[in-house]
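Shown below, as structure tokens, is a lone chain in the form predicted on its own; questions about how it binds or moves come after it.
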């Protein structure tokens, strides 16, 4: 018997992998005010699940392709006659609805819809773990490679143009990274909670970060704490694991907001 035979160890490793991938990307989502963008991409992934099962391909591949298609479609249509929040709202909810309808047409395939909507981290196997950590390494490598350009394009697009950086290209890098995170996180926290793992640790890290790099590191630590602590809470309280992880992340955000407010008052 090896260490990875314990389902709780596999679940904890899966949660840590997702947290490490989501944390630095979540910082860019917060800085760029892309919260709804991440939510829309996550909602589209349920359609990817249905398509993957229909064509008998990997769920990871189906979710990745659909999330990438959604993100690129939004990027392409932005600013062409519709407000961004309107466009995201239409695409997010319609893609989720089409996905749920497509799932209902699947014949001879047993599918636990709740597991895809809210995650099933306790059922993560060794193959899932390899996919999650492989995706996390790809996301981190992509962000490490483009960090300076992404940061410049996020803070000042005009300065990015002057430095020879194409903001639309950096937006596409974020789009690819976001699709990867959605694809690896669906097994852990599910479609409806992926955006929470992107946003909450990054938002919780903000009061304690003097630099963007520090915010990304703190967000990663808070995400890992939420993942492992949420699993422990779920085990002790017999609650759903995915929502328990997000609940603990929300508690960390509340605590960090209060601490940030106290620090601000003390300085003033």
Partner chain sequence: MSEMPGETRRMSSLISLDGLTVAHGGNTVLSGVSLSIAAGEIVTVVGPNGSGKSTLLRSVIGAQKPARGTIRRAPGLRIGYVPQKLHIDPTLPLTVRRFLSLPDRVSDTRAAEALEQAGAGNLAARQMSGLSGGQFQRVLLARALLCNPQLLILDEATQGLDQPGSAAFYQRIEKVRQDLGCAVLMVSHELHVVMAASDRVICLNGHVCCEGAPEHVASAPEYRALFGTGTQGALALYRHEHNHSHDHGCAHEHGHGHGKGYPHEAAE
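In this text, all values refer to a predicted model and were calculated from it rather than measured experimentally. Residue numbers count along the first chain shown, from 1.
Same protein, other form: the form predicted together with the partner chain, not shown, and the subject of what follows.
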query: One residue of 76, 114, 141, 159 in contact with the partner chain, assessed in the model of the complex (non-hydrogen atom, 4.5 angstroms); finding: 159
query: 4.5 angstroms heavy atom contact with the partner chain in the model of the complex for residue 231; finding: no
query: Close approach of residue 212 to the partner chain in the model of the complex, 4.5 Å, heavy atom; finding: yes
query: Interface membership of residue 165, the partner chain in the model of the complex, 4.5 Å heavy atom rule; finding: yes
query: Contact flag, residue 86 vs the partner chain in the model of the complex, heavy atom cut 4.5 Å; finding: no
query: All of 151, 155 and 206 within 4.5 Å of the partner chain in the model of the complex, heavy atom check; finding: yes
query: Per-stretch contact check against the partner chain in the model of the complex, the hit in 178-186, 90-98, 142-150, 192-200 (non-hydrogen atom, 4.5 angstroms); finding: 142-150
query: Contact set, 10-36 vs the partner chain in the model of the complex - heavy atom within 4.5 angstroms; finding: 30, 31, 33
